[in-house]
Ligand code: BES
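Here we start with a single chain on its own, the form predicted on its own, put down as structure tokens.
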């Protein structure tokens, strides 16, 4: 993918397609004429013709409205696309990300080799009609909004550019490895993504590069999730970790079952007992030269979840290859971290195993001894994710990390509560939780905080052990599961992301394609780059 900044006027941009965003309520003729005055002058008044043609489709700049117009050689581009941006007051990088993703998907089967987005990323007041401006300025007692500084505008533009590059790459992604007939319509030539109406700068160029890096790692994680469980085993996850480590100068250690037993990882190995595939505990490490702190990111890596002896119904097992989405997100994030090399050290941990009903499988009623010494009565073998994470959290807490973040497709209850729109987030440190929520908002991934009331611990009481792994069923199951994990964080600042909902989509939606979404890669990367 090539990126460039277009300096030509709108009428002179030589691209297969030019996309122009329009805010709701704007006069389209004025918008086009304002971008390129030559289109409003002369005998043709092409700007007015564009506005008239768009009006036939009732185009008014509402969010997600799209009008495609042939240019008939009046412009240097072959086609002009008008896209509604909605209200200027609601215009955020997430809108740009969705716009680019939907354009990428719209032209996924096209043979085009270039597309240009005309950037309109200035402050919202510039997008309002003059009549509205006059009315606002004449209102008694109301001060005009503060003018944004040049640096603020540049930062805002950079955020939009990063989002658009992410959206374009995410929207074009597809997993076709196992299709016997590949889509031959897609262009074999390198694609050029260009931006007009924006001055080229180091900040803008860097924003495009970062967006490309994060989207590439997200698509890597999507590919890992898309692989069948018969292929994407714990061993292959470990191989992928070793590849990333070698390519991006990270350290990598793979702990096998025998080594895990010496470490006392009884909860992790208890889940692995029923599987023929060997379990792997994966440790990746990036060490910054002048590290401000060390952040641990921990992924649930159940490469297939049958439920164990507490067997899932057939429908519940259908997509359970995606139960390693947390692990995939950690691998994707570690690739970005190795590439961008932030000023914090990052420890990436993955507890990888299958959960199978083999002849040595964990029984309901068994008692496991976790790595931190707490005993766990297993009353449901399908609540296995919290067991493998328990030992992973203990391992992380003993590595002198400053904070811990885990990602897991942990509960169906969070899907019931939040649907496929948001992940649940819980934790012991409100500042960490708040920063992750803010990072998710910037990255286009929604996080909604759920409570961790002390009363939820009552549901985990066991008659014969320190804890039982599944609390009161049907009541606050996501919070109860997080309360279980809290028993293993050893007082460290910790946040838990239950990504079971947005981790899988049954249909395309904006930048999230059907299937495994690799939710969490963008949030973790944004958090590391912004706040850590």
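It should be emphasised that the depicted structure is a prediction, and the values quoted were computed from it without experimental measurement. Residue numbers count along the first chain shown, from 1.
Quick note: we don't show the form predicted together with the ligand, though the next part is all about it.
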| property | result |
| --- | --- |
| Non-hydrogen atom within 4.5 angstroms of the ligand in the predicted complex for each of 322, 410 and 470 | yes |
| Stretch from 204-212, 165-173, 410-418, 248-256 whose residues place a heavy atom within 4.5 Å of the ligand in the predicted complex | 410-418 |
| Heavy atom within 4.5 Å of the ligand in the predicted complex - the one residue of 377, 382, 339, 442 that qualifies | 382 |
| Of 280, 222, 97, 386, the one that lies within 4.5 Å of the ligand in the predicted complex (heavy atoms) | 386 |
| Partner proximity in the predicted complex: residue 391 to the ligand, non-hydrogen atom cutoff 4.5 Å | no |
| is_contact(residue 500, the ligand) in the predicted complex, heavy atom dist at most 4.5 Å | yes |
| Residue contact check: residue 312 to the ligand in the predicted complex, 4.5 Å heavy atom | yes |
| Non-hydrogen atom contact residue 354 with the ligand in the predicted complex at 4.5 angstroms | no |
| Sequence-ordered residues of 270-305 touching the ligand in the predicted complex, heavy atom within 4.5 Å | 300, 305 |
